[in-house]
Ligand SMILES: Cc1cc2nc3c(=O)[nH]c(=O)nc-3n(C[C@H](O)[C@H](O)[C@H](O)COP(=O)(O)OP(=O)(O)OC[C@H]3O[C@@H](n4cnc5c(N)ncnc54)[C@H](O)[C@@H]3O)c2cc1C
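Starting off, we have a lone chain in the form predicted alone, written out as structure tokens.
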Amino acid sequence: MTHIVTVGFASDGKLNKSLFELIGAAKSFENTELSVVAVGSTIDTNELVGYGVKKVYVVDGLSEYQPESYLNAVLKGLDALKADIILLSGDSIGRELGPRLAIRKGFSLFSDVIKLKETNQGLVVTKPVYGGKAEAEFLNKGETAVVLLRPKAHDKALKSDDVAVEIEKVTFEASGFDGLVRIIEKLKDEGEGVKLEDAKIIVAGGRGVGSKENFSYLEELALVLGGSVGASRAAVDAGWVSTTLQIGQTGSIVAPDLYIAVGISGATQHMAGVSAAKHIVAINTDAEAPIFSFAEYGIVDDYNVILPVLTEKLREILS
């Protein structure tokens, strides 16, 4: 039997949503024992009832994220559970902790994983390569594996039972090198609308939008559709929008039902962040832009002409 341990983190007592994607991926395996290491403060473990989790190891007492403190807390849980496969979300925290965890314990590491399966030879993971243009499979032979699952790569687990969960709770106090990083100030993103990671519809702009002011066209369309506004790195680097809106390999990984790309060329680094989108619509004046090879629908025209008409027509239809 394979023992899979998923690692989740709690903010304000609530476990991160990506943990349930990890549980969904773990439950796709047969003959598996599933456990959870939950790190944070005042964690509500009742959230995990009904998902087939056998044991939850709660490391409580960490109200602020600090790399060394979180790493040592996760290690405390893993030492108690003895996992064959360790699943973390490939978000900013997972990408920071995963490699450190693998090095510290001598485990193998697979990052940016979009699929995983168990075979007679061992664990096989699938990763996008060449900027998302192809996929490659990698075999893990025997040793414990740390797997960073790309956010939105797997559906969230559904409740299937009401079986009680065995909970072991320990209090963790940071000490020694844990204090090397201090939180000086926390700034809350005051952006309106749905968060990019949760958005069903995203209207994103790139260098072709031309200016900060022109993003108002995208904001209006997103408002009509009930979606969110995103951006390519070029638009962020130009200072037109906040870095929190950046989508791509170095930004947010998104998986909306509809992705409308406005003035975005379609560089591989950007497309790596939207490869899981169900439908992509591209608007660009350059008919040779790479984005059109990814798009289901494409419009070769000036967005200044297209967006106002499209927005007004959709407003009429949706009203």
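Between two forms, the rigid core is the largest collection of C-alphas that superpose within 1.5 Å. Position 1 is the first residue in the sequence shown; the rest follow in order. All figures in this text were calculated on a predicted structure; none of them were measured in a lab.
There is another form of the same protein, the form predicted in complex with the named molecule; it is not shown, and what comes next is about it.
Interface membership of Gly77, defined by any non-hydrogen atom within 4.5 Å of the named molecule in the predicted complex, is ruled out. The shortest heavy atom separation between Tyr303 and the named molecule in the predicted complex is within 4.5 Å.
The named molecule in the predicted complex is approached by Ala234, whose closest heavy atom lies within 4.5 angstroms of it. In the predicted complex, the named molecule sits beyond 4.5 Å of every heavy atom of Glu64.
In summary, among the residues Pro128, Gly248, Gly227, Gly94, the only one with a non-hydrogen atom within 4.5 Å of the named molecule in the predicted complex is Gly248. Proximity to the named molecule in the predicted complex, defined as a heavy atom within 4.5 Å, singles out one entry of Leu34, Leu48, Val254, Ile283, which is Ile283. The chain is drawn here without the named molecule; in the predicted complex, the stretch among 203-211, 155-163, 217-225, 117-125 whose residues come within 4.5 Å of it by any heavy atom is 203-211. With contact defined as any non-hydrogen atom lying within 4.5 angstroms of the named molecule in the predicted complex, the contacting residues in 256-292 are Gly263, Ile264, Ser265, Gly266, Ala267, Gln269, His270, Ile283, Asn284, Thr285, Asp286, Ala289, given in sequence order.
With a cut-off of 2 Å and the rigid core superposed, Asp237 has a Cα displacement that reaches or exceeds the cut-off between the shown form and the other one.
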